[in-house]
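One chain comes next, on its own, written as structure tokens: the form predicted on its own.
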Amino acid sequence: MQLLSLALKNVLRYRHRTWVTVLAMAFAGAIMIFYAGLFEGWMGAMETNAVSMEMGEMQIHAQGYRDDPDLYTVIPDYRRVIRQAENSGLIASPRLLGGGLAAAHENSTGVSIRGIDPRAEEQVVLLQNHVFSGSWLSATDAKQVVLGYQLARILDVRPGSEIVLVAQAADGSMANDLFTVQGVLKSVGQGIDRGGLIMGDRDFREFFALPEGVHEIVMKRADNGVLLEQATKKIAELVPDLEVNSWRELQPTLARLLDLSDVSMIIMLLIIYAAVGMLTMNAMLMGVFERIPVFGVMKAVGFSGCRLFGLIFSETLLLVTMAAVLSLALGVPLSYYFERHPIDFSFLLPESSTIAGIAFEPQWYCRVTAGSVVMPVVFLYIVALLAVLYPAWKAAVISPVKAIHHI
């Protein structure tokens, strides 16, 4: 308590240096709290856009389908698989997948055609919330399709336009038909963006002459409290003749990127706080040299080197505590504000964009979490207290005779 009392008096005595140091640390801490919130928001949006938007948390395919996608490689008894998934606490949606050629006006391009049950799909993914123009499919729509953003631009079509689809049907015949564009999606990923065409499952079966089976079953957990690995293992045990993969296995690069996000944050904190550490060390070292005669007298009357070390350490602890309080008072409200009012980059980016094949919204939200608030403050303490070790050591080893005569 005596050390803290002396430290507080010293901190208040040198007010100019105290406030310069505290405000510099507080500014850096507030900025890093805000940056951590932005980083959390960006990584969360990447995961949502890659997983919840279109891929789902888990997928089931017939053996070998992912290595060699084929119209004939289907899950024949898919209704039984869906019942087993639902009994295991999962929500499932069947999909039909095929390829063909789309043409409109004088433009044509290859497309990846997806047949879905709109009601089931809406329970598993959020693609229906990502419509750029027009509307999403409904269960009663016939001969209606939804296109990816870039695909619509390539074909020069919009909601209400007609396109011709041509493909090889399952019975060997040439499938061709006329469809109406119901809606155009925002960018959700490179694949669906440039070549994605979505229609109802009944239209798909009629177009491709495929009466039974599905190519893919997309699932998500009904209870997010269940670990993804446990849910994947459980359903895999129920359907050992099929391939079951979580999104982490389907997108290992993204999973690795998310796993390393904490490491990236720590590196950024260390880079920014390195400047704070140098400022703290410089301020405390200046304070030590200014008080060399005082420290000499203190040691001469019995104040040990360890206690002098503790005094300088306590002064820094008080400074960084004041800075931490200020950084929380500034950084947290700022982060909460941008959690509700995103930073708008629409003037730099088109309304629908992708980065590394993953959808990126022009609006960038903060995401305030315990980690985004606590980690910058903890590192502020660590860096500041490490930076003061040298000045504190210089004070501790001062020779009383030399210090008293120091000019």
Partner chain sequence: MMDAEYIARLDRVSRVYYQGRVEVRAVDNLDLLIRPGEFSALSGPSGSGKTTILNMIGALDMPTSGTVYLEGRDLTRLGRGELSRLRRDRVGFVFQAYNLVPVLTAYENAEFVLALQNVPVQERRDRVMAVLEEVGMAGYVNRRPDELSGGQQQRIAIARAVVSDPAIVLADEPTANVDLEAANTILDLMEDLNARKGVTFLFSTHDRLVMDRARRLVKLRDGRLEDDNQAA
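Small disclaimer: the values here were computed from a predicted structure and weren't measured. Numbering follows the first chain given and starts at 1.
This next part talks about the form predicted in complex with the partner chain, which is not shown.
Remark: M278 does not count among the residues lining the partner chain in the predicted bound form, judged by a heavy atom distance of 4.5 Å or less.
Residue contact check for A274: none of its heavy atoms lie within 4.5 Å of the partner chain in the predicted bound form.
The closest heavy atom approach of R13 to the partner chain in the predicted bound form falls within 4.5 Å. The closest non-hydrogen atom of I267 lies beyond 4.5 Å of the partner chain in the predicted bound form. A heavy atom within 4.5 Å of the partner chain in the predicted bound form is found for exactly one of M286, L101, A300, L126: A300. Note on the partner interface in the predicted bound form: the residue among V294, L258, L238, A329 having a heavy atom within 4.5 angstroms of the partner chain is V294. The stretch from 302-310, 72-80, 167-175, 229-237 that comes within 4.5 Å of the partner chain in the predicted bound form, counting heavy atoms only, is 302-310.
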